[in-house]
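Only one chain is given next, in structure tokens, and it is the form predicted on its own.
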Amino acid sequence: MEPSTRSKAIMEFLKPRVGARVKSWLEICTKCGQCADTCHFYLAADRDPKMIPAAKVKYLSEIIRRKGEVDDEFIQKAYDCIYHECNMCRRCTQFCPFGINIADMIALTRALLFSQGVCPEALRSAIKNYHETGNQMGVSEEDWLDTLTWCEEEMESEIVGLKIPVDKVGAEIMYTINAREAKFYPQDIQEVAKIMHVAGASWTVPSKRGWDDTNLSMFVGDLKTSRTLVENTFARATELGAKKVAITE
């Protein structure tokens, strides 16, 4: 992307998101170091000063100061820090004497990078799958239902009469899973089915989009996709008349 085009896109992204609160946070930080020992990246890196949480916000501050005029090298350095040197655990925020929400600013920087097409490939792939199939692993509706049928068949000899109710209207609980279970760990689905059966629970799983309860898009600040995923689950629960939604995540 041409520098002028990038800077315009960056500032258009930041304009509605950088208000008085974020500007205040950036201005009032005194680099006191109180957040340093709260960060496990800092401690694990032998107290490397660049790992201090307050220092990691410099990329957002610099982008704003330069009015979006940053090059590929800067973007790469920001990516390496924001994604690989912080997981937004928020401990630094809890211990900041000024109440500066460092994690929120890291999240904003991640969202900014994502808006410029920069994010971990695994997350990019998961988001693509969310849009195409409604789940992070790209499991089709046919494969999802086949997996549930297979799980039932596998448990027949262990518990007679055990069923995994699909799209049961009026069930008290609509159960959702991490899509990795459907693709790699179906035994987890089986164990839950056993518990529900023995407990005599009124439950069901949806056949359509909404059964994957993960929301990996939030890690890149893709709020539009994050909202869609939540809406999918609530739409299924409403359609089925479920009183509660149970999740595994």
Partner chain sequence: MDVLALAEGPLLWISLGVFAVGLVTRAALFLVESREKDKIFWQHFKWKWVLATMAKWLVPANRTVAKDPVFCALAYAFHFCLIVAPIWCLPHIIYWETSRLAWSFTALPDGLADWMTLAVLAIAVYLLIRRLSSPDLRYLSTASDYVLLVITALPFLTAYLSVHQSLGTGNLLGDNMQLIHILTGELMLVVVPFTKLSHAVLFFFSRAATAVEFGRREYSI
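Positions refer to the first chain, counted from 1. All figures in this text were calculated on a predicted structure; none of them were measured in a lab.
This protein has a second form, the form predicted in complex with its partner chain, left out of what is shown; the following refers to that one.
- The three marked residues, G68, L113 and V118, fail to reach its partner chain in the predicted bound form, with no heavy atom of any inside 4.5 Å.
- Remark: R227 does not count among the residues lining its partner chain in the predicted bound form, judged by a heavy atom distance of 4.5 Å or less.
- None of the heavy atoms of I64 is located within 4.5 Å of its partner chain in the predicted bound form.
- In the predicted bound form, its partner chain lies within 4.5 Å of some heavy atom of A55.
- In the predicted bound form, G19 approaches its partner chain with a heavy atom inside 4.5 Å.
- Proximity to its partner chain in the predicted bound form, defined as a heavy atom within 4.5 Å, holds among C96, A107, V166, A171 only for C96.
- The partner is not shown here, but in the predicted bound form the stretch 20-56 reaches within 4.5 angstroms of its partner chain through a heavy atom at A20, R21, K23, S24, W25, E27, I28, C29, T30, K31, C32, G33, Q34, A36, D37, T38, Y42, R47, P49, K50, I52, A54, A55.
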